[in-house]
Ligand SMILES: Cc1ncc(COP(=O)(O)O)c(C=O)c1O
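Presented below, as structure tokens, is a lone chain in the form predicted alone.
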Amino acid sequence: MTDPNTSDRSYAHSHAEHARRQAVIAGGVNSNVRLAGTPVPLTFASGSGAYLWDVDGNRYVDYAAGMGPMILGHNHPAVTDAVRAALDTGQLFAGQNRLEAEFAEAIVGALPWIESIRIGMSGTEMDLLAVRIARAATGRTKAVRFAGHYHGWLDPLFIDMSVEPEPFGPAPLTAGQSVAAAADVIVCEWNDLDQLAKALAGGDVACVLMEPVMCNTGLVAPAPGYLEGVQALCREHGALLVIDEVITGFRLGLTGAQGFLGVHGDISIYAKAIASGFPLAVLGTTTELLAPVGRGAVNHSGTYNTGVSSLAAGVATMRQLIDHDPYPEIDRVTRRLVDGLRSLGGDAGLAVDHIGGALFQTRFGTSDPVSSRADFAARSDKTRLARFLELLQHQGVRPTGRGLWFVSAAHDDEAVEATLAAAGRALGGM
């Protein structure tokens, strides 16, 4: 049996590739989320189904899933075939293509609370568009967001995740951010209705922006009645509710967290899982709220919006999710994996947070439910989690670096068995 403390895996080629990149790319990565790879940010050669291979030939059962997009698994034939066919027709036309209507019809048909959409490339820009629409609709300027949630890396909405914000104080920023842009952001604690009520009482809030389930800093469910309370407060004070389903969309079932939890936003954001790894994002809302965008009064632009390859991937992905309904099997596999990890890790203090659907969180701490970013931090041993994830990698299993796991339609019982065996060895090596 392989000793998980002394992996026989080589990462020599990843070390070499990283050194080559560092000479010409700042930090050797192109997203700061990837800086913390161990023993080096890995370089991958290929992916298929539930598996990834790095440039050293190491295979991984992949639960990072491109940070969420690979709901069907890597290199799904329906998606890759559609993209190959689309490439023969062109890439960008500085105009429309026939796939736009087909994709939009699939989205609107799947999500009953959406009447009309706009398409972009990333969740970041769709979140910014949502705030712009809300400001235009309400005539107000401020946006409420929550500690531990993520809505992109750009100045108007990004805050320093490593700092605990003061309620109603200035948003904590990273170096180089615009203080002026952040002045319109109010940061509240998740699951605290009283705090949100105080934020809205000033009457200058255009929108409340949230993940329906906190995913970026641990997996934290809304408390019973919390989403309903937020929705009622928004209606009382005339603010729009923007629900960011970039992560949860199409992972908590076809209708995402809003369908799963039964509370709908005025504006909804989707990305990641809608296009199997191709850059595509959606803002959906009512025809009325999008009308100012449609007549050009509220600006939404972008050279690469609705690129042919991305739309082809989006249509193919949506057709697989709608026509073939992989969710019962994804749910079964996920629950088997969650139950297995709980059984293996209980004595070692491994907690597994799972609300439902194709994602869950591992952490070391009490198994009691957590309710906020601060609560998650207090009940999580980051050092032990980092060691566990390192040992899992040596055993050929790869969740995300923060302990969030994404399950795909490609994961099967064989992958689960391999994962649980690797987890057992990793826990034994801690």
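Everything quoted here is computed from the prediction, not taken from an experiment. Numbers follow the displayed sequence, beginning with 1.
In what follows, reference is made to the form predicted in complex with the ligand, a form of this protein that is not presented.
Enquirer: Using a 4.5 Å heavy atom cut-off, which of 327-335, 146-154, 342-350, 79-87 contacts the ligand in the predicted bound form?
Expert: Stretch with heavy atoms near the partner: 146-154.
Enquirer: Ok, G256, G123, G307, G265: which has a heavy atom sitting within 4.5 Å of the ligand in the predicted bound form?
Expert: Of G256, G123, G307, G265, the residue with a heavy atom within 4.5 Å of the ligand in the predicted bound form is G123.
Enquirer: So which of I159, V131, L219, V246 gets a non-hydrogen atom within 4.5 Å of the ligand in the predicted bound form?
Expert: Comparing distances to the ligand in the predicted bound form, the residue within 4.5 Å is V246.
Enquirer: Answer with yes or no whether K272 is in contact with the ligand in the predicted bound form, where contact means some heavy atom within 4.5 Å.
Expert: Judged by the heavy-atom cut-off of 4.5 Å, K272 is in contact with the ligand in the predicted bound form.
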